[in-house]
Ligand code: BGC
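Single chain ahead, written as structure tokens, the form predicted alone.
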Amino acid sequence: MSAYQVESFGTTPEGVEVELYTLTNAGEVEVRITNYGGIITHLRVPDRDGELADVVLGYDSLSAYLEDSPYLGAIVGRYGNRIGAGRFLLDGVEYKLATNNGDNHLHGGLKGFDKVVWGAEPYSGDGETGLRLTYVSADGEEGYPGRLTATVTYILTNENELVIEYSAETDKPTVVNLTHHSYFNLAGHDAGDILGHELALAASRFTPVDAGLIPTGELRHLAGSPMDFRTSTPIGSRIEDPDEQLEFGGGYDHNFVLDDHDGSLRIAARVYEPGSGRVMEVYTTEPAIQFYSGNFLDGSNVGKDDAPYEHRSGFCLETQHFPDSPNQPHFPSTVLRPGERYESTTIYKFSIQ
């Protein structure tokens, strides 16, 4: 049977109580979520022998997330990914955002949605259990215009799907690009690097970047390059190839343009870990997915069970609109206006092979 539990996870320096929610399904898959940053702290799924392992990087305590966390498992917003020079024009007005990635704005700024306490309430459906999170971002927060009300619902189904539904409304024109930032390792969060994982992406183009990881505006075909994951390929097979894009990112840290996007829910990625037999498929309504190979992990982040998260010990597949879209008019728009509703769905589905 599906189940829902809640317990204390600690207190922020401002004295706000934070909770940890545990969702389980009929197949014993378990996900733990805290309303601080909407972070998924644990995700236990079975291997081909039925053995459960935690397949997301994370910490055992709230204090570790408060101290230093590279967005482990968090909801990212108001704008996931980068906005060049921390500024954009909207309806002829220039908005200056917090800069926290050199001269650029990254993942919502100095205090993005990953660093706030969300309101939380249980969600239940037919054969499903979940958690609904709500956060109201004030007009001017991190430089963004408009009072934005954001809702994120996590749902665990009995088909071993982790569904994430996003919605948002605003009282002024603004930009929105919400995503989820779990670092996955399908062999187990403490199992070492992810270079042997086999990845397939439903993308034949990507958005190349400059040295600051800001898109140049080009939509480049992947054929013949180490960026091509149209057929299932080990993540590590070409990651050290002499390629300018890989050098800029220190590995993979790029936005892949999903083929035939029409706003419907369709597959974006499939990952297979040969040792365990675990498979993760990613479905989304978004036009793109950011594949990040954990290049900036360096062992300084000590995670659950005292596991040091070394270089490339986790990968991210962040469904999204394109980076820097507010400054790239030919990219799909991320503008949200009063009376409109931002809606997006992503599913991480787990199985075995």
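Quick note: we count residues from 1 along the sequence shown, nothing fancier. Just so we're clear, the structure is a prediction, and the values are computed from it rather than from any experiment.
Just so you know, the form predicted in complex with ligand BGC exists too; it's not on screen, but the next bit is about it.
The closest heavy atom approach of Asp253 to ligand BGC in the predicted bound form falls within 4.5 Å. Ligand BGC in the predicted bound form comes within 4.5 Å of a heavy atom belonging to Leu213. Taking non-hydrogen atoms only, Asn35 never approaches ligand BGC to within 4.5 angstroms in the predicted bound form. By the criterion of a heavy atom within 4.5 Å, Glu318 is counted among the residues contacting ligand BGC in the predicted bound form. Figure note: of the listed segments 140-148, 122-130, 180-188, 230-238, the one touching ligand BGC in the predicted bound form, with heavy atoms no more than 4.5 Å away, is 180-188.
Gln290 is the sole member of Gln290, Asn301, Ser313, Ser325 with a non-hydrogen atom within 4.5 Å of ligand BGC in the predicted bound form. The contact with ligand BGC in the predicted bound form, taken as any heavy atom within 4.5 Å, belongs to Tyr71 out of Tyr272, Tyr71, Tyr135, Phe88. Shown here without ligand BGC, the chain has Asn81, Arg82 in 75-90 lying with a heavy atom within 4.5 Å of that partner in the predicted bound form.
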